[in-house]
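Quick heads-up: it's one chain on its own, the form predicted alone, in C-alpha coordinates.
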Amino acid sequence: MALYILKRILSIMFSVIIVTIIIFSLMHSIPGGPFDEDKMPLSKAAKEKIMKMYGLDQPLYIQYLKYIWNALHFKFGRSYQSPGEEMIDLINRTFRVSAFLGGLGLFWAIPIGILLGIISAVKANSFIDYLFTLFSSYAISVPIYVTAIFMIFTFSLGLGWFPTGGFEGLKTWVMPIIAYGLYPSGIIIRYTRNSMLEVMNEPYILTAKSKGLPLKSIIVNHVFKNAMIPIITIILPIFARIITGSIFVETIFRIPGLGKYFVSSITQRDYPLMMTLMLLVTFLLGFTYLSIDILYTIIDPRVRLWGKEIRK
(Lines give C-alpha, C1' and ligand atoms only; values in the text may rest on other atoms or scores of the structure.)
Protein backbone atom coordinates (compact mmCIF):
# COMPACT_ATOMS: atom_id res chain seq x y z
CA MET A 1 0.00 0.00 0.00
CA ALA A 2 2.71 2.50 0.99
CA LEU A 3 4.71 1.77 -2.16
CA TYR A 4 1.61 2.16 -4.31
CA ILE A 5 0.75 5.52 -2.70
CA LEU A 6 4.33 6.74 -3.23
CA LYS A 7 4.18 5.75 -6.90
CA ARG A 8 0.85 7.52 -7.34
CA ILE A 9 2.18 10.69 -5.69
CA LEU A 10 5.15 10.66 -8.07
CA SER A 11 2.71 10.14 -10.92
CA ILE A 12 0.68 13.14 -9.75
CA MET A 13 3.82 15.27 -9.63
CA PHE A 14 4.71 14.22 -13.17
CA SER A 15 1.17 15.06 -14.33
CA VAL A 16 1.43 18.49 -12.70
CA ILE A 17 4.66 19.21 -14.59
CA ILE A 18 3.08 18.18 -17.91
CA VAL A 19 -0.04 20.27 -17.22
CA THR A 20 2.00 23.35 -16.28
CA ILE A 21 4.10 23.08 -19.45
CA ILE A 22 0.97 22.80 -21.62
CA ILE A 23 -0.87 25.62 -19.86
CA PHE A 24 2.19 27.88 -19.83
CA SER A 25 2.74 27.31 -23.56
CA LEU A 26 -0.90 27.84 -24.47
CA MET A 27 -1.44 31.00 -22.45
CA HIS A 28 1.63 32.64 -23.96
CA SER A 29 0.60 31.62 -27.48
CA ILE A 30 -2.69 33.55 -27.19
CA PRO A 31 -2.40 36.90 -29.00
CA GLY A 32 -2.11 39.90 -26.72
CA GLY A 33 -0.77 40.35 -23.23
CA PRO A 34 -1.71 41.67 -19.80
CA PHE A 35 -0.33 45.14 -20.46
CA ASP A 36 -1.37 45.81 -24.05
CA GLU A 37 -2.15 49.37 -25.04
CA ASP A 38 -5.84 48.66 -25.67
CA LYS A 39 -6.24 47.51 -22.05
CA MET A 40 -3.85 49.82 -20.29
CA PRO A 41 -2.61 52.93 -22.16
CA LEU A 42 1.06 53.28 -21.16
CA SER A 43 4.13 54.91 -22.53
CA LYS A 44 6.76 52.64 -24.02
CA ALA A 45 9.14 53.27 -21.10
CA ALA A 46 6.44 52.58 -18.51
CA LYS A 47 5.42 49.34 -20.24
CA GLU A 48 9.05 48.16 -20.42
CA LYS A 49 9.46 48.87 -16.72
CA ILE A 50 6.34 46.86 -15.82
CA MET A 51 7.33 43.98 -18.10
CA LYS A 52 10.75 43.88 -16.44
CA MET A 53 9.22 44.04 -12.95
CA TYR A 54 7.08 40.95 -13.65
CA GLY A 55 9.86 39.19 -15.57
CA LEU A 56 7.84 39.16 -18.81
CA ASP A 57 10.81 40.50 -20.79
CA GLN A 58 12.74 37.26 -20.29
CA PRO A 59 12.61 34.15 -22.56
CA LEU A 60 9.64 31.85 -21.94
CA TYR A 61 11.70 28.94 -20.63
CA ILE A 62 13.32 31.25 -18.05
CA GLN A 63 9.88 32.52 -16.98
CA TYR A 64 8.61 28.94 -16.65
CA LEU A 65 11.59 27.69 -14.65
CA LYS A 66 11.37 30.69 -12.31
CA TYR A 67 7.66 30.10 -11.72
CA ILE A 68 8.15 26.38 -10.97
CA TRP A 69 11.10 27.11 -8.65
CA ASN A 70 9.06 29.69 -6.73
CA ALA A 71 6.01 27.39 -6.67
CA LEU A 72 8.11 24.64 -5.06
CA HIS A 73 8.78 27.16 -2.28
CA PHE A 74 5.05 28.08 -2.11
CA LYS A 75 5.72 31.48 -3.67
CA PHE A 76 3.19 32.03 -6.43
CA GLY A 77 3.77 35.72 -6.98
CA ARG A 78 1.05 38.36 -7.27
CA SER A 79 -1.98 38.53 -9.51
CA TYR A 80 -1.93 41.28 -12.13
CA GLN A 81 -5.52 42.03 -11.14
CA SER A 82 -4.67 42.40 -7.45
CA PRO A 83 -0.99 43.44 -7.26
CA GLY A 84 -1.26 44.46 -3.62
CA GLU A 85 -2.18 40.93 -2.52
CA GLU A 86 -0.07 37.81 -2.40
CA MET A 87 -1.40 35.01 -4.63
CA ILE A 88 -1.70 32.59 -1.73
CA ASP A 89 -3.87 35.12 0.14
CA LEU A 90 -6.06 35.70 -2.92
CA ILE A 91 -6.56 31.95 -3.41
CA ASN A 92 -7.31 31.46 0.28
CA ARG A 93 -9.87 34.27 0.29
CA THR A 94 -11.74 33.17 -2.84
CA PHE A 95 -11.38 29.41 -2.32
CA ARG A 96 -13.16 29.61 1.03
CA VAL A 97 -16.17 31.21 -0.65
CA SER A 98 -16.34 28.59 -3.42
CA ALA A 99 -15.71 25.68 -1.04
CA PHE A 100 -18.39 26.95 1.35
CA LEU A 101 -21.15 27.26 -1.25
CA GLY A 102 -20.01 24.24 -3.26
CA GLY A 103 -19.75 22.12 -0.12
CA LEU A 104 -23.29 23.07 0.92
CA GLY A 105 -24.47 22.28 -2.60
CA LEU A 106 -23.00 18.79 -2.34
CA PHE A 107 -24.33 18.49 1.22
CA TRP A 108 -27.85 18.21 -0.21
CA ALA A 109 -26.98 16.76 -3.63
CA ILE A 110 -25.17 13.62 -2.43
CA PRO A 111 -27.77 12.21 0.03
CA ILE A 112 -30.71 13.26 -2.15
CA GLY A 113 -29.07 11.83 -5.26
CA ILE A 114 -28.26 8.50 -3.60
CA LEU A 115 -31.72 8.24 -1.99
CA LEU A 116 -33.61 9.01 -5.21
CA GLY A 117 -31.33 6.68 -7.14
CA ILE A 118 -32.04 3.82 -4.73
CA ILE A 119 -35.80 4.43 -4.85
CA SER A 120 -35.66 4.67 -8.63
CA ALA A 121 -33.86 1.31 -8.84
CA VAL A 122 -36.19 -0.43 -6.39
CA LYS A 123 -39.25 0.99 -8.20
CA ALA A 124 -37.78 0.40 -11.69
CA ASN A 125 -40.12 1.17 -14.62
CA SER A 126 -42.72 2.72 -12.33
CA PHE A 127 -44.09 6.26 -12.34
CA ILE A 128 -41.68 7.21 -9.53
CA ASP A 129 -38.75 5.84 -11.53
CA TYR A 130 -39.78 7.85 -14.60
CA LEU A 131 -40.22 11.00 -12.49
CA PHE A 132 -36.78 10.76 -10.87
CA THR A 133 -35.18 9.86 -14.21
CA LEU A 134 -36.79 12.94 -15.76
CA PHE A 135 -35.37 15.12 -12.98
CA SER A 136 -31.96 13.52 -13.44
CA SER A 137 -32.05 14.13 -17.20
CA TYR A 138 -33.00 17.77 -16.66
CA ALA A 139 -30.22 18.33 -14.12
CA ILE A 140 -27.61 16.77 -16.42
CA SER A 141 -28.67 18.12 -19.81
CA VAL A 142 -29.88 21.67 -19.12
CA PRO A 143 -26.94 24.11 -18.77
CA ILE A 144 -26.61 25.45 -15.24
CA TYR A 145 -26.64 29.08 -16.39
CA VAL A 146 -30.13 28.52 -17.88
CA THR A 147 -31.41 27.24 -14.53
CA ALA A 148 -29.63 30.05 -12.65
CA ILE A 149 -31.21 32.74 -14.86
CA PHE A 150 -34.61 31.05 -14.51
CA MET A 151 -34.27 31.09 -10.71
CA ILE A 152 -33.36 34.78 -10.73
CA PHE A 153 -36.39 35.67 -12.89
CA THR A 154 -38.74 33.50 -10.82
CA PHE A 155 -37.62 33.80 -7.20
CA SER A 156 -35.90 37.20 -7.25
CA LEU A 157 -37.61 39.39 -9.85
CA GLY A 158 -40.97 37.60 -9.82
CA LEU A 159 -41.61 36.55 -6.23
CA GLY A 160 -39.00 38.72 -4.52
CA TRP A 161 -37.95 35.95 -2.15
CA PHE A 162 -34.19 36.19 -2.66
CA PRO A 163 -31.67 38.80 -3.84
CA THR A 164 -30.41 38.46 -7.40
CA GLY A 165 -26.87 37.79 -6.21
CA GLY A 166 -24.03 38.63 -3.87
CA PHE A 167 -22.51 37.01 -0.82
CA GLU A 168 -23.92 39.00 2.08
CA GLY A 169 -25.99 36.50 4.01
CA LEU A 170 -28.24 33.45 4.10
CA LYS A 171 -30.72 34.73 1.51
CA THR A 172 -27.95 35.30 -1.04
CA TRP A 173 -26.68 31.74 -0.53
CA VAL A 174 -29.89 29.79 -1.22
CA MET A 175 -30.05 29.95 -5.02
CA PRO A 176 -26.28 29.42 -5.58
CA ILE A 177 -26.36 26.38 -3.27
CA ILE A 178 -29.25 24.90 -5.26
CA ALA A 179 -27.45 25.68 -8.53
CA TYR A 180 -24.20 24.14 -7.27
CA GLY A 181 -25.90 20.88 -6.31
CA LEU A 182 -28.26 20.44 -9.25
CA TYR A 183 -25.89 18.84 -11.76
CA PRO A 184 -24.17 16.56 -9.18
CA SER A 185 -27.55 15.36 -7.91
CA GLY A 186 -28.61 14.37 -11.44
CA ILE A 187 -25.35 12.49 -12.07
CA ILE A 188 -25.54 10.69 -8.71
CA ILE A 189 -29.17 9.64 -9.30
CA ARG A 190 -28.24 8.20 -12.70
CA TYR A 191 -25.17 6.31 -11.49
CA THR A 192 -26.84 5.06 -8.30
CA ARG A 193 -29.85 3.74 -10.20
CA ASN A 194 -27.77 1.98 -12.85
CA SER A 195 -25.32 0.54 -10.34
CA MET A 196 -28.12 -0.69 -8.06
CA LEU A 197 -29.98 -2.34 -10.95
CA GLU A 198 -26.81 -4.08 -12.09
CA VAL A 199 -26.16 -5.52 -8.63
CA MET A 200 -29.84 -6.45 -8.10
CA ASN A 201 -29.64 -8.74 -11.13
CA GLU A 202 -26.64 -10.64 -9.76
CA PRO A 203 -27.26 -14.35 -8.95
CA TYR A 204 -26.52 -13.99 -5.21
CA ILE A 205 -29.18 -11.26 -4.90
CA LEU A 206 -31.73 -13.42 -6.70
CA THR A 207 -30.80 -16.27 -4.34
CA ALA A 208 -31.34 -14.01 -1.31
CA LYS A 209 -34.77 -13.04 -2.64
CA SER A 210 -35.70 -16.68 -3.22
CA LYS A 211 -34.78 -17.47 0.38
CA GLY A 212 -37.34 -14.94 1.56
CA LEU A 213 -34.99 -12.31 3.01
CA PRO A 214 -36.70 -8.94 3.57
CA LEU A 215 -36.21 -6.49 0.69
CA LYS A 216 -34.89 -3.82 3.06
CA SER A 217 -32.22 -6.18 4.39
CA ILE A 218 -31.18 -7.16 0.86
CA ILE A 219 -30.93 -3.53 -0.27
CA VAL A 220 -29.00 -2.28 2.77
CA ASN A 221 -26.70 -5.24 3.48
CA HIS A 222 -26.02 -6.58 0.01
CA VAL A 223 -27.05 -4.39 -2.92
CA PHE A 224 -26.03 -0.90 -1.79
CA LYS A 225 -22.65 -1.94 -0.39
CA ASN A 226 -21.65 -3.64 -3.64
CA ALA A 227 -23.02 -0.77 -5.73
CA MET A 228 -20.94 1.85 -3.90
CA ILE A 229 -17.75 1.64 -5.98
CA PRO A 230 -19.19 3.22 -9.17
CA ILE A 231 -20.92 5.85 -7.03
CA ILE A 232 -17.69 6.83 -5.23
CA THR A 233 -15.92 6.98 -8.59
CA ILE A 234 -18.05 9.94 -9.63
CA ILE A 235 -18.74 11.63 -6.28
CA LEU A 236 -15.16 12.47 -5.28
CA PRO A 237 -14.12 14.03 -8.64
CA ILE A 238 -17.34 16.07 -8.60
CA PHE A 239 -16.44 17.25 -5.09
CA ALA A 240 -13.00 18.39 -6.28
CA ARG A 241 -14.51 20.32 -9.18
CA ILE A 242 -17.36 21.90 -7.24
CA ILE A 243 -15.31 23.27 -4.33
CA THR A 244 -12.98 25.05 -6.76
CA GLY A 245 -15.91 27.09 -7.99
CA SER A 246 -18.31 27.19 -10.90
CA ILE A 247 -17.65 29.78 -13.60
CA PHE A 248 -21.33 30.16 -14.51
CA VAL A 249 -22.81 30.08 -11.00
CA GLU A 250 -20.36 32.59 -9.55
CA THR A 251 -20.59 34.93 -12.54
CA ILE A 252 -24.41 34.96 -12.70
CA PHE A 253 -24.90 35.30 -8.95
CA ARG A 254 -21.95 37.72 -8.53
CA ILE A 255 -20.17 35.50 -6.02
CA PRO A 256 -16.57 36.55 -5.18
CA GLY A 257 -15.26 33.00 -5.43
CA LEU A 258 -12.50 31.12 -7.17
CA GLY A 259 -14.55 30.16 -10.22
CA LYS A 260 -15.05 33.78 -11.20
CA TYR A 261 -11.29 34.25 -11.31
CA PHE A 262 -10.91 31.43 -13.84
CA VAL A 263 -12.64 33.64 -16.41
CA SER A 264 -10.88 36.86 -15.51
CA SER A 265 -7.45 35.18 -15.45
CA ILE A 266 -7.93 34.24 -19.11
CA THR A 267 -9.50 37.46 -20.35
CA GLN A 268 -6.98 39.61 -18.47
CA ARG A 269 -4.01 37.39 -19.43
CA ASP A 270 -3.23 37.05 -15.73
CA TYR A 271 -0.47 34.46 -16.15
CA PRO A 272 0.44 33.88 -12.46
CA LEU A 273 -3.21 33.48 -11.45
CA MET A 274 -3.98 31.18 -14.37
CA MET A 275 -1.02 28.93 -13.58
CA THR A 276 -1.79 28.82 -9.85
CA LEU A 277 -5.44 27.94 -10.42
CA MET A 278 -4.51 25.12 -12.80
CA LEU A 279 -1.96 23.81 -10.28
CA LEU A 280 -4.64 23.77 -7.58
CA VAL A 281 -7.18 21.92 -9.74
CA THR A 282 -4.60 19.39 -10.96
CA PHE A 283 -3.44 18.60 -7.43
CA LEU A 284 -7.00 18.26 -6.14
CA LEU A 285 -8.05 15.92 -8.95
CA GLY A 286 -4.86 13.85 -8.65
CA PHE A 287 -5.23 13.26 -4.93
CA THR A 288 -8.97 12.72 -5.36
CA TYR A 289 -8.38 9.75 -7.66
CA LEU A 290 -5.75 8.44 -5.26
CA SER A 291 -8.34 8.63 -2.46
CA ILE A 292 -10.80 6.71 -4.66
CA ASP A 293 -8.35 3.84 -5.12
CA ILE A 294 -7.75 3.63 -1.37
CA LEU A 295 -11.49 3.72 -0.62
CA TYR A 296 -12.03 0.82 -3.03
CA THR A 297 -9.98 -1.45 -0.78
CA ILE A 298 -11.92 -0.31 2.31
CA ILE A 299 -15.36 -0.89 0.79
CA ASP A 300 -14.51 -4.14 -0.97
CA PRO A 301 -11.60 -6.16 0.55
CA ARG A 302 -11.43 -8.22 -2.65
CA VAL A 303 -10.08 -5.18 -4.50
CA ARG A 304 -6.32 -4.95 -4.43
CA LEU A 305 -4.23 -2.02 -5.62
CA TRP A 306 -1.93 -4.40 -7.44
CA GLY A 307 -4.74 -5.64 -9.67
CA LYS A 308 -5.25 -8.95 -7.85
CA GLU A 309 -8.18 -10.44 -5.98
CA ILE A 310 -8.28 -12.60 -2.88
CA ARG A 311 -9.21 -16.11 -3.90
CA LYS A 312 -11.98 -17.64 -1.85
Partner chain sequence: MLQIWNHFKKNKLCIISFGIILLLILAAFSASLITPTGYADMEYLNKINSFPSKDNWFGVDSMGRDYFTRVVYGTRVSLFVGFASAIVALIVGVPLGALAGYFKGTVDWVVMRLVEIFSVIPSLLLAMFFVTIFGNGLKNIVLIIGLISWRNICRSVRGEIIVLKEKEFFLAAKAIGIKPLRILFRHLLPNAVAPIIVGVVLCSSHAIMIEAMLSFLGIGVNPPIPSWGKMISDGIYYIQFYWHLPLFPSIFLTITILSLSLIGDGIRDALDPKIRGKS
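Quick caveat: nothing in here was measured; it's all calculated off a predicted structure. Numbering follows the first chain given and starts at 1. We call the rigid core the largest set of C-alpha positions that still match within 1.5 Å between the two forms.
This protein has a second form, the form predicted in complex with its partner chain, left out of what is shown; the following refers to that one.
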Proximity of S141 to its partner chain in the predicted complex, heavy atoms at 4.5 Å: yes
Touches its partner chain in the predicted complex: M278 (any heavy atom, 4.5 Å): yes
Contact of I298 with its partner chain in the predicted complex (heavy atom, 4.5 Å): no
In the predicted complex, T164 touching its partner chain (heavy atom, 4.5 Å): yes
Partner-facing stretch of 101 to 109, 87 to 95, 221 to 229, 129 to 137, counted where any non-hydrogen atom is within 4.5 angstroms of its partner chain in the predicted complex: 129 to 137
Residues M27, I252 and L285 all lining its partner chain in the predicted complex, heavy atom within 4.5 Å: yes
In the predicted complex, the one of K209, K171, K123, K75 near its partner chain [non-hydrogen atom within 4.5 angstroms]: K209
The single option of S82, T233, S217, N194 touching its partner chain in the predicted complex, heavy atom within 4.5 Å: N194
In the predicted complex: members of 152 to 190 within 4.5 Å of its partner chain, any heavy atom: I152, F153, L157, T164, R190
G158: Cα shift of 2 Å or greater between this form and the one not shown (core-aligned): yes
